[in-house]
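Below you will find one chain, with nothing else, as structure tokens; this is the form predicted on its own, and questions on how it binds or moves follow later.
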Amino acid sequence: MIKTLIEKFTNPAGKLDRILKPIEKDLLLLENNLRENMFSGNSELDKMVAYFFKSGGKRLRPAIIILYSRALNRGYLADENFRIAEAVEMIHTASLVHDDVIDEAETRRGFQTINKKWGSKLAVITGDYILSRALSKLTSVGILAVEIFSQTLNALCIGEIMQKNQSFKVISMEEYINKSERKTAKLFMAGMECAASIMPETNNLVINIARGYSYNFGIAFQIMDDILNFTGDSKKLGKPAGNDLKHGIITAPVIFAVEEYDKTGDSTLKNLILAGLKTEKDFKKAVKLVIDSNGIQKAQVLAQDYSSKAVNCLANLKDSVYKQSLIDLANYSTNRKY
């Protein structure tokens, strides 16, 4: 059952398995392919790839592709669209492996990272290998898919550099959303847009629905991730609470908190950030200031606004169980606990 695949990622009401029920078999096949059809022939590389995929994942990127494809095509899923879904999850996985190297992260999803377990050099190679398999999938779909994802990978790289350059700086909400689009939303967008673009009866409306939904879903999802970095259970998140701020990554709750304190003439939080949170005491104080402010609540409202926009983008899509799942996923994205 699909519940066994995603039980660690269900929301408080246990609804995610029910939301994804219409594509249960698709996700089971995708999970099987990710775990069993990634063999390189090199035992050490295969061990690292299998190790990372064993840690699981929400699989929401391929899920929205499959749901939208079936919603557009009277419940039918073409092989090409399934390969796009596989490729998206592979690219996402490769980016996580590389992110862990860049961040020198020691854990992800409660497991040691590949770079912690085998070293950064082998981790980079593992990420590159997974990316190569994704490109192979896209090549089999066609040149349009390769072009769309080439632009997306470009955006991901720029987003990563933007985040690095913004480290321990007080950025604007516009800068944060721009970075979040490149680092998170673009991959959601690429998958849905690519799937929509190769449909037999595609048109601008179909493609615009895909772009609008995936962009707003992706931004809402990222904002919620950033909220959970302060409020979530560290064991369920698979990384320490406040970890992003500790590494100088400034997110929506922090931006709102700084703005709130600034209005009262209190620059403590801003000064701690600009000074680089050099000590554990500084870090804990900064986290407390964020939690004691209304920053998290304001970020929640912002996430729900983007989630509502995602749902509104589906207005012209014909009603089906797949459309309803897309609506429920948008709502889930801002109500999850990890």
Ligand code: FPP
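Note that this is a predicted model, so its numbers are computed, not measured. Numbering starts at 1 and follows the sequence shown.
Quick note: we don't show the form predicted together with farnesyl diphosphate, though the next part is all about it.
A.B. asks: Which among 217-225, 170-178, 198-206, 111-119 is in contact with farnesyl diphosphate in the predicted bound form, heavy atoms within 4.5 angstroms?
C.D. replies: Result for this chain: 217-225.
A.B. asks: Counting only heavy atoms and a 4.5 Å cut-off, does farnesyl diphosphate in the predicted bound form sit next to every one of 102, 156 and 160?
C.D. replies: Checked in the predicted bound form: all three residues contact farnesyl diphosphate.
A.B. asks: Sort through 134, 77, 72, 94 and report the residue having a heavy atom within 4.5 Å of farnesyl diphosphate in the predicted bound form.
C.D. replies: The residue from 134, 77, 72, 94 that makes the contact is 94.
A.B. asks: With the partner left out here, check for me: in the predicted bound form, does some heavy atom of residue 86 sit within 4.5 Å of farnesyl diphosphate?
C.D. replies: Contact with farnesyl diphosphate, no.
A.B. asks: Can residue 186 be called a contact residue for farnesyl diphosphate in the predicted bound form at 4.5 Å between heavy atoms?
C.D. replies: Contact check for residue 186: no, nothing within 4.5 Å of farnesyl diphosphate in the predicted bound form.
A.B. asks: Using the partner position in the predicted bound form, report whether residue 244 sits within 4.5 Å of farnesyl diphosphate, counting heavy atoms only.
C.D. replies: Flag for residue 244 set to yes.
A.B. asks: Which of the residues spanning 263-300 lie within 4.5 Å of farnesyl diphosphate in the predicted bound form, based on heavy atoms?
C.D. replies: Nothing in the stretch sits within 4.5 Å of the partner.
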